[in-house]
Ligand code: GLN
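Quick heads-up: it's one chain on its own, the form predicted alone, in structure tokens.
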């Protein structure tokens, strides 16, 4: 690589990303890769465009670019992802937080604010902890985090300590199986893709943990079925189960919840106008 100035190397990154058609935002990604390699933000890259980079910076940038051209998601390369106005640490151990999941947080917040006392909340399939930790930050009290993966819990613990300044209760197990109490709110972004959908996702998404994507069963709803069933013995009177899913699964999930005795079952739309979150309340007559 002959070019060694900020401007020249940034242009090299941009051209490589464009030629490989790896992203719809090559300009942004070239700038972020440069920032990761040099610690220069956008303004500094402009002001110091003619500055020469060190060999170490050049090597670092080249390594980062190689990763991106191999379809490693930018979030994994940068080791961070913004969610609900906060920066979460992420790596290959967890699903990358997505903007649509903020709808899950909003739904839980809206329900929590209707309670007379602070509700006891558990975030099931927490992954990076983005949902539960965000709820804890917004509401001002602790939320329990649960996941089947030890590695995911390690990442959520890092984020809890970083964003809250202290650890949260972490439970390891399948869905609600490790829980020993009842909750006012069970919130979850569980795996819900079918095997076929998992096989069809983009190269970027294929780099994310399959365990956090595939919901199993022909319709991808086996994990959600388990969560609905387990919630019957883990929800307080008039507690809420709030789950993210695919819009193609909404009607079936509604049917499953109503069949198990949930009331006021509703769907909430995401940023694209598609039904993304399904939730309902378990009346006292069902679990008290």
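Residue numbers count along the first chain shown, from 1. Only a predicted model underlies this, so the values are computations on that prediction, with no experimental measurement involved.
This next part talks about the form predicted together with ligand GLN, which is not shown.
Looking at residue 133, you'd find every heavy atom of it more than 4.5 angstroms from ligand GLN in the model of the complex. Not displayed here, ligand GLN is kept clear of residue 178 by more than 4.5 Å at the level of heavy atoms in the model of the complex. Among residues of the shown chain, residue 144 is not one whose heavy atoms approach ligand GLN to within 4.5 Å in the model of the complex.
In the model of the complex, ligand GLN sits within 4.5 Å of a heavy atom belonging to residue 212. Contact with ligand GLN in the model of the complex, judged by any heavy atom within 4.5 Å, is made by just one of 122, 125, 160, 75: 125. With ligand GLN left out of view, the stretch that reaches within 4.5 Å of it through heavy atoms in the model of the complex is, among 111 to 119, 168 to 176, 196 to 204, 95 to 103, 95 to 103. The partner is not shown here, but in the model of the complex the stretch 174 to 198 reaches within 4.5 angstroms of ligand GLN through a heavy atom at 189, 190, 191.
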